Structure formats: structure tokens, C-alpha cells
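Starting off, we have a lone chain in the form predicted alone, written out as C-alpha cells.
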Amino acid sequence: MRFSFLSIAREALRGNRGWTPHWRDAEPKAAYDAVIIGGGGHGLATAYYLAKNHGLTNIAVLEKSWIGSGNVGRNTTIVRSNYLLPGNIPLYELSMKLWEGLERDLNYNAMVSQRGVLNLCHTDAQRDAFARRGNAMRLHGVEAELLDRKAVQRMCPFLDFDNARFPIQGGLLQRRGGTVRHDAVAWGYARGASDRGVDIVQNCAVTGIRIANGVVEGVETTRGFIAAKKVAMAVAGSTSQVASMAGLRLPIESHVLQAFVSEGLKPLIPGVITFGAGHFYISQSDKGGLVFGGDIDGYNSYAQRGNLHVVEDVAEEAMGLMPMTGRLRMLRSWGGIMDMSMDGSPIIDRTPIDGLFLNAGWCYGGFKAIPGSGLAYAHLIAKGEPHPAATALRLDRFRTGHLIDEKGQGAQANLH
């Protein structure tokens, strides 16, 4: 069923009894042309673009739990393409352009809201760094605006501008950035892929990867062996565990990243704001809650929950930026497992095993990259060569030294 004004009106009149499931909850077949491990945003987007752009429909997406149970449903919903280095800008800008047309493409309301992303600066050196980043963006055709203190104050008068430790001197603004409803992204891509013939198999955990003479043959699962000519990993924080089934040791560590939401308020924050004197970002949801987060917990973990020291740190930074937040009640927190690469940038590449592909290392940037990552990964799987926007995201860069060190933020806590 396609969504339209008429279909919504019709269902409203008949008590919403005519809606059908968004996607088929398929049973796994014995063999596929390609199997994608991971039913999160990246895996579902990859399956969708494999079917749409390359005509490959004999595909299965295997999810160990339910669709949306991983990081795609455990983030702060921010999308942006305000990166500095040429290895990252093309992919994130490709993703930004896909976000802008995603709802029309999927015929699904993903609640894309381009309300703007504002990065605050608090020192002369930071302002110079933002000017450099903005210039790099504009050289790649990505819009950027460097704001002075007065411009920021007109936009966000509720911030603490005169804090002696962290005076706000200006900011870098990307107006096309904003937020997208995370659950809707998973549901929309799942629906789109399923409608094009892709099997989405929930509650099907991969327990092994079968390889013979350096060529992948398929995957062992809790629902039996599934043969496949190609196997693609897109499992975020579980990447190291799944890759080890194929005998691979990757330059990735898993860390937990927490996020928080406050009680609901009247409309206050116009877009997304980041605190330049620390690692803190905040926006306001459509329900009125302030959604915010900060650093990873700083130790290796596969848990989807965090610890008090980061809660305290994030609360302190919220107070440093907006003292009025001290009067808010925090409703809930959650955690996602980050696959932190050693240079803080992602990997989309083939592995040394023929037919086995890798999509990983997204660190803090996984959600915003979903459409671009899925399109580029599908191109790699279908054609065997990297997409033009992802040529620098090679696995062997850690061996050759061609790192994409966007902010000097890798997996180690001392790099943050």
C-alpha cells in the first residue's frame, strides 16, 4: 500500500483497519546471491539500493533481533555533512542529498527536518579551525556559514554567552543539516527493500561464516546454514565479533555511547547545537524533549547501557552551555555500541576473503551516513569496485598510513 493523502483519509474513515504490515517477515531460503548481516540502517539501506539501483533481489537481510533494535534506534537523530577532510566530505554530502529526497523516494514519512546544525566556537583558534572547515566544505560544493557572536546571539539568545570560561565567539552553521526520525528510517528502508523482493529475516543470528579456499560460501545461523555468493557485514558495534568468525582482526574497538532526553518543553531550540568547549550536542524533539549526548564511556563494551561518569559529564556540559537546563528532569537514557575505528573514520571495502565485504567503523557518524553508506556499499557489492564517494574509505589505509584523521578521535579514551 502506498501512502498518500487519499489513502490516509480513507483509512481514517474506516477506523484504520486496512493498513498492511510494512514489510514481509520472511523465512530464510537455502541460498541467496547476497546475504547482508545486520538489519540496521546501513544493512537495510544497502539491500534497498542493491534492489533499486542494481536489480539484485535475491537478497536476504539477517537481523539477530528485531528491526530497529540496534544503533539505528539508539541515537540522537542528527544528520549533517559538515566535515573537513576530502576522504569524508563526498560520502556525507552524498548522504545529505539522499536525505533531502528520501521521503519521496521511499514514499514514507521519515520526518526529515532540516532545521540547521550550529557548531559553537569559544576561542580564536577554534574559530580559525571552523573557518578552515567551512572553506573545505565550500570547495566541495557544500554550503557553510561562519557566524560571529551577534549572529549566534540572534539565533540562540538563550545560550550563556558571557561565561568567563567558555565565552561564545561565533559558530559554523550548516542550514541543510538537522534531524530525522530514527525508527522511521529503519521502517522506511525495510519497507522499500521488502517491496522490491528482498527477504528481511528477523531473529536470525549469524553464528559462523563458512569459507573454502579463501572464498565465502555462506553463513551459519541459528536458523540453519544459508548459502550465499556474497556476504556483507553491516553490524556496527558487533563488527569485531562477526569478523572474527571469518578469522579477521580489524582496527576497530567497540564502545558504548549514551544519549539522553529530558521532559517536554515548549519550542525552544531552533536546530542542533554543539558545544565547542567540550563534546556535547543538543536538539529538541517534536514532542518537546531536549535530546542530547556527549562522549563514549571510554572503555571497551558490548553493552547497550552506560555509566554515571558520562551522565555527570554530559550534564555539566549542558549547564556550561545553557544554565537553565539545571531545572529540567531527565526522562531516560539509552546506549548504542559504537564501532570505533583507529582514525575515527569509516570503512567500506572488500576484505581479503573473496566475496566477503565490510561496512564498519562509523564511530559517532553512523546514523547521518545511512543513505550514502547504503548506496556506496551496494555499489561495491554489485560491481566489485568502490563508489566514487567512498574511494578513500579503504581497509588497508591502516597498513599503508593513509589515515583519514578527521578530528584525532579514534577508539582510545585519551584521544577524546
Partner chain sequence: MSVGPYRLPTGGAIDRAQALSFRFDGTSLTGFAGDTLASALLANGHRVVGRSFKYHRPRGVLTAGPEEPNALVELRSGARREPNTKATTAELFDGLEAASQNRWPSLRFDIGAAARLAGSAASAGFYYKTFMWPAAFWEKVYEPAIRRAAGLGRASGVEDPDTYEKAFAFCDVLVIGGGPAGLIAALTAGRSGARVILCDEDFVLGGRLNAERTEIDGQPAAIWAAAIATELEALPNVRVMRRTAVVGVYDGGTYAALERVADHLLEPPFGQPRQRFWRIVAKTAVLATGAVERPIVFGGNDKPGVMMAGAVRTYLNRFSVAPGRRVAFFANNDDAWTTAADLRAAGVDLVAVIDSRAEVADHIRAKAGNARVELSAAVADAKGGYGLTSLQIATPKGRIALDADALAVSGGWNPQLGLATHLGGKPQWSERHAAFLLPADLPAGLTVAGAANGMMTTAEALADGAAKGATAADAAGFTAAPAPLPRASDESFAVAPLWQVAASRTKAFVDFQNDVTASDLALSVREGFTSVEHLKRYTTLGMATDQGRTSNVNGLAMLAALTGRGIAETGATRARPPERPVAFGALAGLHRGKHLKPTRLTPSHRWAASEGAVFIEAGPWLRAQWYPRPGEKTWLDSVSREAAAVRSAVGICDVSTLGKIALFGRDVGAFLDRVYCNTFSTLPVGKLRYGLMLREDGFVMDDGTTARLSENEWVMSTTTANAAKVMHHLELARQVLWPQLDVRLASVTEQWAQFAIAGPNARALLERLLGDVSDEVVPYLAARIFDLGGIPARLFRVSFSGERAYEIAVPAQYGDALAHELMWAGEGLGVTPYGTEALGVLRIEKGHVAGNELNGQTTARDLGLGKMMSAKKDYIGRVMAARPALIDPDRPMLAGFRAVDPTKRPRAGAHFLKIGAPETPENDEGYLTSVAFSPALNRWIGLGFIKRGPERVGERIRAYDRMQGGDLELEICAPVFVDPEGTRVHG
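Predicted model only: the values in this text are computed from it and were never measured. Numbering follows the first chain given and starts at 1.
We do not show the form predicted in complex with its partner chain, though everything after this point is about it.
At least one heavy atom of I67 is located within 4.5 Å of its partner chain in the predicted bound form.
Although the partner is absent here, T221 sits far enough away that none of its heavy atoms falls within 4.5 Å of its partner chain in the predicted bound form. Using a 4.5 angstroms limit between non-hydrogen atoms, G73 touches its partner chain in the predicted bound form. Looking at G247, you'd find every heavy atom of it more than 4.5 angstroms from its partner chain in the predicted bound form. Exactly one of the stretches 222 to 230, 205 to 213, 182 to 190, 237 to 245 approaches its partner chain in the predicted bound form with heavy atoms within 4.5 Å, and it is 182 to 190. Each of E263, G288 and L328 comes within 4.5 Å of its partner chain in the predicted bound form, counting any heavy atom.
Exactly one listed residue, out of R196, K97, R149, H140, brings a non-hydrogen atom to within 4.5 Å of its partner chain in the predicted bound form: H140. Contacts between 7 to 31 and its partner chain, taken as any heavy atom within 4.5 Å in the predicted bound form, involve I8, A12, G15, N16, R17, W19, T20, P21, H22, W23. CA of N163 to CA of A129: farther apart by 3 Å or more in the predicted bound form than in the shown form.
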